[in-house]
Ligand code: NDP
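First, one chain by itself in structure tokens, the form predicted on its own.
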Amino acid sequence: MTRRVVLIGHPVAHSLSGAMQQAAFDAAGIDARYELWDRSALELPDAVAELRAEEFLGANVTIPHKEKTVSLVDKTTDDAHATGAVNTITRDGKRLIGHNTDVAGFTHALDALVGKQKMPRQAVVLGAGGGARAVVFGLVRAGFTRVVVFNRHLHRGEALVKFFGRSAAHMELRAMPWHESVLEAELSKTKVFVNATSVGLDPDETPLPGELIPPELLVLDLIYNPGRTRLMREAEAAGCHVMNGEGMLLHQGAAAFELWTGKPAPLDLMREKLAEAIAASSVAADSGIADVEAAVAGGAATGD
């Protein structure tokens, strides 16, 4: 029996996860196929329920369903419970287990961004969705003492802060209104800046005017364009160290593969296939075959 793994989201056509996951299944000799399921919020409960069938190894969950999926599974692991978001589902008989491998993916990305420097203790995060929850939890667990969250809708940022109230009781975690003057003031006091929004999928757009970016920031944009997003380009020009979301997507995907199969992920192969998919989608976009959102995706922007 060919086993099935699906990505549930709305939309999902832009996703590049299938390229690396299918290659990993094939290399491991696992008879499985990775499918994309575009499901609306109304269709989500039925889609998750379908995963109880024996043919399914599990699923990935992407925007906008990560938080809603928590109530649809039978059990959540520590990371999924701590973030209030599920991005990976496994089966235990007919029971569904919700995981959050975005946390592991972000931890790898943060370590790579900081490198050999001492881990900073202050960060600014843009966004308040499922991806941003994994980012904030990763920062809390890494020992950050001050994290400021900005979201276009302040109440969403405040809800995120309230959710982490207990686990972040030892630190300062705040939500602030998205005003340029406030952003500029906070960026001048921080070391790590994470864009966990979808703003920047269009290469001409940026969530942050370049003139607000101070030098020497560590900038992680969870979008993974084949080149540099406008935020990354302008941050580099300001003298910052920048990184995109490709590493986070890779490592969260590798963690999901291991949960579904119980086998070590072929990380080098998955990295190679993901890079090829990103490059190919860029060529398609440049030739007019695909639109911008089909050419780029991000760990938090798309939730893969």
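These numbers come from a predicted model, not from an experiment. One rule holds for the numbers: they count along the sequence shown, beginning at 1.
Keep in mind that the form predicted together with the named molecule is not shown, yet the notes after this line are about it.
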Which of 121-129, 136-144, 72-80, 181-189 sits within 4.5 Å of the named molecule in the model of the complex, heavy atom basis: 121-129
Please pick, from 162, 174, 233, 156, the one residue with any non-hydrogen atom lying within 4.5 angstroms of the named molecule in the model of the complex. 156
Exactly one of 63, 278, 44, 243 has a non-hydrogen atom within 4.5 Å of the named molecule in the model of the complex; which residue is it? 63
48, 88 and 254 each touching the named molecule in the model of the complex (heavy atom, 4.5 Å): no
Taking the named molecule as it sits in the model of the complex, is residue 104 in contact with it (heavy atom to heavy atom, 4.5 Å or less)? no
Residue 193 near the named molecule in the model of the complex, any heavy atom under 4.5 Å? no
Taking the named molecule as it sits in the model of the complex, is residue 199 in contact with it (heavy atom to heavy atom, 4.5 Å or less)? yes
With a 4.5 Å heavy atom cut-off, would you call residue 95 a contact of the named molecule in the model of the complex? no
